[in-house]
Ligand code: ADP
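Take a look at this one chain, the form predicted on its own, written out in structure tokens.
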């Protein structure tokens, strides 16, 4: 809910004020404004809550629901803290209402760095104070310090000590003697302004036309959604960089959302080449100091361009004028814990509330965006060709029923031959398998016992390089046992199936001279490591890249001409609503890493079902036909984007409690035309992090407003404190 004029006005002493706290509470609490204090919506305050004092945000005027004698006064207004902009407050309310989340839980994402509410401490330096008096002893160390400060410029103590070759004790003694004095240094801007007039790459005619249209959207200054749809390697990034430049030219902030922080290393390099500086970065790998600096700079409008993961959407931009969602189809934009939201969809809402354009960029648009474009809700800009004359790679399916790998091997003869040919030609290859570790399953050859996670309904994944068995859901880790706990057999455990580590082992067996690198979330600790690995690949220090979905998008390796997909059928398992779409998108993206420059590329898909429509669409290059068939099936089934889904996951450490709550919810489930409730049923991950899980799924017509229906449904059932009900509007995962 956006604030009306009255709530934006000053709220003076003696009045009631509504304050929202960053806690999973039902809504704001009322407090009294002390005499002499004036508050406005969006300001940060300290208020009492029980025995504690907490930070909160003024949400507007208070209500008359509580006796004034019971109200506590606001403790303090944070004078130095920037207020949350009105667009951010409205966005918090909107997201909370849509996702059926407590508003305070959404607010917590917007004020995620409380330390940034206090201004940074000024930097202190030393400057020249006086010359030594006649007869005053001057050591060589003091003389060097004096010479450096003689120009009248103040120095940071650490820089001064290093350049003069002295210790901190010398500087303190000189300060005590009055030879130098401490001064407050002017703070430099935390982030430079991009050089928007710096020449970028020469754009093709199609790119130039698309960039001109995006600039026109910014000139219009109204809300619009543009789908930037271009084949892999078509230069979509360079096109939307022109929109970023235009936004900054107009004095407004621009936000670029990336699905994974591992993509930021190469992206930042391209940004720096185009604009001569690096933007503000926002992701979970930042230090607390970096987060504090970035949050404060963004809130004060001193960060013209921000690039970040999905949480960057909730930062307090005072004048956001453009959002770009790169790889808009990527499932990583869906937040699966806490507040369940899809960053792409919420970014569209944020742009609508702020009345500015948004660009969704992808080579494989989501079916949701495709349907919105075909029905006229979104505008489409199409880049059909690769940049600088590069050709799309040839894609061929290898039928594993006819061309089987050798026993205990996973690379088929045609793929091994292609790897050898590529290595001999001095070119690079990519082996893609979306399985981390060495093997996804370890079992006893004696009794068939499978090593499972004690906290989750999953098998433990062997990570041979680390010498551990790990659960990729809860993080449980253990050494591989030497004795089977079920039958007592010794050394009987066998690794089943391949992970990327096992592929590396096989590669060494068939091409021992090949230099390889494994690129997964296990082997890359953050953007710095990702940047170094990308550099080594680009500089030709790696012959074969072996990776998971981390390598599937965003990377541009000039010498990479062969992509081998080891298990193309992997994503088709599990019966997920979006299984075919996700598999197509992932394989299309990874295929797009091949032949992006002068050298032609080829892609080999190892599959047991080459006749599957996903494999057929990839081999033929007929993406639009695939999307049309997928859309028709979804529409016939009333599934998104032609219907609405809301998932409810009931969990408890006590299995009986989880079952009881699930049955109670099913018994009181809403009824009505166009509404269907499925379940309860055990979730595919029936045990996760020690909690037993049950699922219900509400299915409704597209025109149905599901939020009030679900809210009323939940209100009819008393949920015990030992159980938790998570609501996921528009679920993407059904685990």
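Predicted model, so just to flag it, every value in this text is computed and none were measured. Positions refer to the first chain, counted from 1.
Although not depicted, the form predicted in complex with this ligand is the subject of the following passage.
Each of 204, 233 and 270 is positioned with at least one heavy atom within 4.5 Å of this ligand in the model of the complex.
Taking the partner from elsewhere, residue 302 is found to have every heavy atom lying beyond 4.5 Å of this ligand in the model of the complex. Using a 4.5 Å cutoff between non-hydrogen atoms, residue 237 counts as a contact of this ligand in the model of the complex. When contacts are judged by a 4.5 Å heavy atom cut-off, residue 609 does not count as touching this ligand in the model of the complex.
Within 4.5 Å of some heavy atom of this ligand in the model of the complex lies at least one heavy atom of residue 597. Note that among 612-620, 627-635, 141-149, 196-204, the stretch whose heavy atoms approach this ligand to within 4.5 Å in the model of the complex is 196-204.
Site annotation in the model of the complex: the residue of 387, 502, 644, 340 reaching within 4.5 Å of this ligand with a heavy atom is 387. Proximity to this ligand in the model of the complex, defined as a heavy atom within 4.5 Å, singles out one entry of 455, 449, 556, 97, which is 556.
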